[in-house]
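One chain comes next, on its own, written out as structure tokens in the form predicted on its own.
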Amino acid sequence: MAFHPRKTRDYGCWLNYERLPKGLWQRYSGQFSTVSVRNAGGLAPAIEEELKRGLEGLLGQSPRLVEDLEAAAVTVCAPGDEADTGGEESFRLRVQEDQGQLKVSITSAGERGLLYGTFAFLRALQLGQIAGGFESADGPRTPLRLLNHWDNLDGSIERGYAGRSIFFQDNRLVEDLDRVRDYARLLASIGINGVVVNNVNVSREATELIGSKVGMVKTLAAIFRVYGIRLFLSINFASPLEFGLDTADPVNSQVQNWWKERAAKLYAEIPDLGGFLVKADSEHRPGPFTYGRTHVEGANMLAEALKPFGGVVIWRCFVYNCQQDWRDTKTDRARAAYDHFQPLDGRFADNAVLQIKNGPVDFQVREPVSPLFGGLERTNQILELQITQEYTGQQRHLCYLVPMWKEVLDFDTYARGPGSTVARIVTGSVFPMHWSGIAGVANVGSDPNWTGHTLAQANLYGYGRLAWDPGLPTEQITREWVVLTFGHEPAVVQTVEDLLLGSWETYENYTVPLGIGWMCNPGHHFGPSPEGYEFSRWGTYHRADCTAIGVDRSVKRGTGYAGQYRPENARLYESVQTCPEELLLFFHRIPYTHVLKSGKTLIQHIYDTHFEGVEQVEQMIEKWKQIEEKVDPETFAHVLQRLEEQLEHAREWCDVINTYFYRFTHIPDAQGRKIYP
């Protein structure tokens, strides 16, 4: 018999709406028996369904839908006062109490705001926050809150670690479109308002999504529309060549007209299409450089085609020389995005948006923040994060990324003096921008639990909450996810929180030290390979020898990358003495005998952290075992299997990396632990 993923508890993620614990159930029992939803437009069915599902699951009672707002215990109504709620995606949630009866009011100036307010009410109910006098005015701090799917039409997913595509199979849509609707519901619950459904490395088949296969896009757009989410498409910059033109030159009038006509056809089918995502002149993808043109000319040509329909072009800044000679010590991949795009600041169209990776290289477990944040003052920009764990365990290892992302968002660029954080840039508070926000490379697939590792669901939830409000504390986001997913049992909540919050440091400990990055197997990027990329064309080097390791990126002696930052950070990174030690090997070449602030030598730090990382995974397993009787058996067994696999891999990382450096240095471990010669 075919296995259907809805039969698993983990399929529901944080929206299982299981019965509240006794104390909360008694507090709310008999409340919220009637619901009235007014002026919610096309989102009304989703709102009504969510209230029914949520209240029935949490309280064991299905509310009645009534017309009379005054008679309803829960009212969801637009239009609200936009000045009062903060905009069309914002809402106000009020709770009043009269003789023991609670009355909930959710108002907004827009339909999306009502939907988000509904999810916020059910979340607050599960957290036990709903009470007489409770009031919350909330709304997204970022206008663009996107997920980038790297799904291919054959059903495969580039950097996908949770099964096959939930959208595509054999160059057509999957049969189970109900699952796509379930996914849209999950995303709406955390405030996502845009989804790119296909890979940025656009195949020939996927190019037909703007041609003969536009019906597939139309079908998906209709599903996401029910939850207030706009669809975006990754497009091939050279698409005109595949449709009969002999050039894709962005200044060619035929090419410009072709894109205008293509956009008009797309918007005739999908009037609320969000726009295009483009990877150009990157890793062998075609782009304006082919014709001697700039990224401004390429992006603005597409922006002009989309502008009449309210669409935006999102242009990725992941552009670098991927044919580098490892013998060349001056060419630095880390410099590339800034060198390419900072000189173009202020020249992009109002509806063109640059999408910038959080770091200058490629989603490593530790990188500095990209200097483009703070370096671009007159250009729309969004932060790109990677939810799928390409270099952080591929959802086979537990690595909770919210603490990492918070460090990125809290980074002070000093672009307009102290306090010019990345969070304030992507919310449009530092520089005037028409568009700003956050994009995340998605981590879901067809696996029964969506993300391959049940605890990796926390990364998707945490991403959505940070995209909604980059100022939310890590601890609040973590507690929300744990309670919504596992319930209120104190031992479970504390244990899962501890596992999540310590996992990023643990992963870093047993993999790559002090910001050096990489040291993984080429191609699939899983498992240790200290020199896997050391002599490659990709420009990702650590340059270890028998005396030292690291890349000198100082201005005085190195590649000059440190000088791309504002003076306050440039000075910080320029000196070995002031550079944050967690990034020491990213910015400087350091002898193994260098003494760190801890009093340990660099080589001893490498040994110690790798042994410690293994011990930390062992402790994670013991903590998880202690709550076996308090967690769903299937979930418990699945997570335990993943953690045991992680321990095996952590030991391999420890042995390989420590042996590699011991063979280079012949410096023994001060504690006498076994290192393989």
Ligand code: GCW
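Keep in mind that what you see is a predicted model, and the values were worked out from it rather than measured. Each residue number is its position in the shown sequence, starting from 1.
This protein has a second form, the form predicted together with this ligand, left out of what is shown; the following refers to that one.
By the criterion of a heavy atom within 4.5 Å, Ser529 is excluded from the residues contacting this ligand in the predicted complex.
This ligand in the predicted complex is not approached by Ile590, whose heavy atoms all lie more than 4.5 angstroms from it. Heavy atoms of His453 never reach within 4.5 Å of this ligand in the predicted complex, leaving it off the interface. In the predicted complex, at least one heavy atom of Asn199 sits within 4.5 Å of a heavy atom of this ligand. Of the listed positions (Trp259, Phe318, Tyr338, Tyr461), a single one reaches within 4.5 angstroms of this ligand by any non-hydrogen atom in the predicted complex, namely Phe318.
When you look in the predicted complex, the only residue of Phe224, Phe431, Phe348, Tyr391 with a non-hydrogen atom within 4.5 Å of this ligand is Tyr391. Stretch 279-287 is the answer when you ask which of 293-301, 503-511, 204-212, 279-287 has residues with heavy atoms within 4.5 Å of this ligand in the predicted complex. Shown here without this ligand, the chain has Glu158, Arg159 in 156-173 lying with a heavy atom within 4.5 Å of that partner in the predicted complex.
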